[in-house]
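Take a look at this single chain, the form predicted on its own, given in structure tokens.
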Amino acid sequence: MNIVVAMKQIPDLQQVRIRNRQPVLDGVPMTFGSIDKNALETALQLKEAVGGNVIVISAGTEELEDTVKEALAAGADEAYLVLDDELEHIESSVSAHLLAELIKQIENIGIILFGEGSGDNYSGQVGPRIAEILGLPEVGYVCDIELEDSRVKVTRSLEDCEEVVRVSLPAVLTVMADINEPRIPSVTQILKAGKKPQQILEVEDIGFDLKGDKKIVTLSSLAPENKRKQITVKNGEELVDALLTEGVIRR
């Protein structure tokens, strides 16, 4: 059984600076989103439990060939990638169609895993969109997975309870960030990652038109304004009084 994991290449959020409420991405390295890494760890644990093959799929710029080595080093067996410089800022409906076409290239799929949301936009749309395109059952906010022959038993975390459902395979699952703790690859695994197979496709290979009408348009994406009160204090007593006034501390 093939276990497919969709992962999105994003800027390393730890190194993003904000200027005039806009992110400054110059010189920021690319990586995979943290919840995508939880999805990969879920796939690796399923493989250890029942066997199978873990395949990472992704769409992005040429840098993705290096970024995907993170996933291969962590334990993924191979990768299917769509590369094009115009894929740097694609929206979720385009991502869904591209990844769905990648998935169609893979045989004997049991489970398709996503993080509950990407590390940048966190829209949570791509997984459900792909399930609709491929006509597969989809379960979101997954916190536990158990395979049962041709079905999967899934526990999903809701606001006030947990829900247990069973769905037939193949199925699309979106996992939560607290489902596990992603493993850190060893030096040996990192060195071997570059030798693992990668299937590289271009947008033209899957017959998709990037210049078609966009279904989602982002009007703005600004960091919240942080207005400082700039209260001047001359000594510790005045500082305590100011903090008491603001309700930061209490006597």
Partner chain sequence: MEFKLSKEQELIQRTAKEYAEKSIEPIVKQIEDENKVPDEVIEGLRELGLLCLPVEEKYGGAGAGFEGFVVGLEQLARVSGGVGIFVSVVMLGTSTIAVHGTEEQKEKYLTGTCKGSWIPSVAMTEPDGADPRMLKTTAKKDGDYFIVNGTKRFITNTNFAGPMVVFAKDADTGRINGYIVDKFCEGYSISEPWDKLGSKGAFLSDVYLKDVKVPASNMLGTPDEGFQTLKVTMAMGKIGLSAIYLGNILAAYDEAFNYSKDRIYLGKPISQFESVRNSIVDIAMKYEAAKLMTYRIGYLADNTANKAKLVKDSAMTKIFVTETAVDVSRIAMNVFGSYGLMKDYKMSRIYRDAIVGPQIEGTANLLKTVVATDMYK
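Positions refer to the first chain, counted from 1. The structure displayed is predicted, hence computed values, not measured ones.
This protein has a second form, the form predicted in complex with the partner chain, left out of what is shown; the following refers to that one.
- For Glu70, a non-hydrogen atom is located within 4.5 Å of the partner chain in the model of the complex, even though that partner is not displayed.
- The shortest heavy atom separation between Val187 and the partner chain in the model of the complex is within 4.5 Å.
- Heavy atoms of Met30 reach within 4.5 Å of the partner chain in the model of the complex, making it an interface residue.
- None of the heavy atoms of Leu222 is located within 4.5 Å of the partner chain in the model of the complex.
- A heavy atom within 4.5 Å of the partner chain in the model of the complex is found for one listed residue only; from Glu181, Glu162, Glu107, Asp85, this is Glu181.
- Note that among 54 to 62, 41 to 49, 187 to 195, 201 to 209, the stretch whose heavy atoms approach the partner chain to within 4.5 Å in the model of the complex is 187 to 195.
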